[in-house]
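Quick setup: one chain, the form predicted on its own, written in structure tokens, and binding and motion questions come after.
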């Protein structure tokens, strides 16, 4: 390939790239609407109120003003897209019905501003989105038709998959998303680990797994934000993130609908794996909006090793 051809290929905009994926126009439109909404979210992050909103979400967590504003921006865009029937957000108490069920409509679950508590110290944060065909959000994650996240860091980037590879786009000076990397792939094993939760609350099996990672030379890389930590593992193609079962939180912390399913979809389509320690995350059927699962996600062999330690503990 010539230099000019390579340059042209990597200047593909998001809509043109989506059209190459052999997906329907409604799904292209929906993903582009989410990308458009992100422009307003990043503006809110850069200029908005860093205080609390004075409200709590479904889970009793105090909402920050940026959480509420980001949720409002995304929800409004999804409603006006005309192709979404049901919407679930980490910041809403119930599923929002944007319109009555109909053919060629989608349901969307999202975390509007993952890691928002890191904004006041200027660390990277993100948005995570899961998309299903039809109006049923309580499906196994393997039935997603698309998943993506947006990272608001030194650069704004978007990583998406519709089941045909995992692709990264960066926002340019005109606030347009252009292709920066196609068909991202994971190595079988990696040298980075990002462990969530207090280590003193780990079960013996998880502690053994961490010791195994440290013995093989894995380096600790944990920012406190799910999106930036997963972005590092995915784009470097190596490593594992975990938020395991804790002695006082056997289901862990992260939510299946808003966080785990979309990330697991992306990681699997890049050749990695995601497990709750017993089964693949994408095979877990959500029971409620607040469904949580422990998670080990990243390089295939590292996740397999975690499952091996956990199976010994569980007999």
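A quick note: this is a predicted structure, and the numbers were derived from the prediction, not measured. Numbering follows the first chain given and starts at 1.
If you look for the form predicted in complex with a small molecule, you will not find it shown, but the lines that follow are about it.
**Student:** Just one of 185-193, 144-152, 238-246, 163-171 has heavy atoms within 4.5 Å of the small molecule in the predicted bound form; which?
**Tutor:** Result of the contact check: 238-246.
**Student:** Which listed residue (106, 177, 209, 226) meets the criterion of a heavy atom within 4.5 Å of the small molecule in the predicted bound form?
**Tutor:** Contact with the small molecule in the predicted bound form is made by 226 alone.
**Student:** Does every residue of 115, 222 and 259 put a non-hydrogen atom within 4.5 angstroms of the small molecule in the predicted bound form?
**Tutor:** Every listed residue reaches the small molecule in the predicted bound form, so yes.
**Student:** If we define contact as a non-hydrogen atom of the residue within 4.5 angstroms of the partner, is residue 134 a contact of the small molecule in the predicted bound form?
**Tutor:** Close contact is absent here: in the predicted bound form, residue 134 is far from the small molecule, nothing within 4.5 Å, heavy atoms only.
**Student:** Does residue 254 make contact with the small molecule in the predicted bound form, using a 4.5 Å heavy atom cut-off?
**Tutor:** Although the small molecule is absent here, residue 254 would touch it in the predicted bound form, with heavy atoms inside 4.5 Å.
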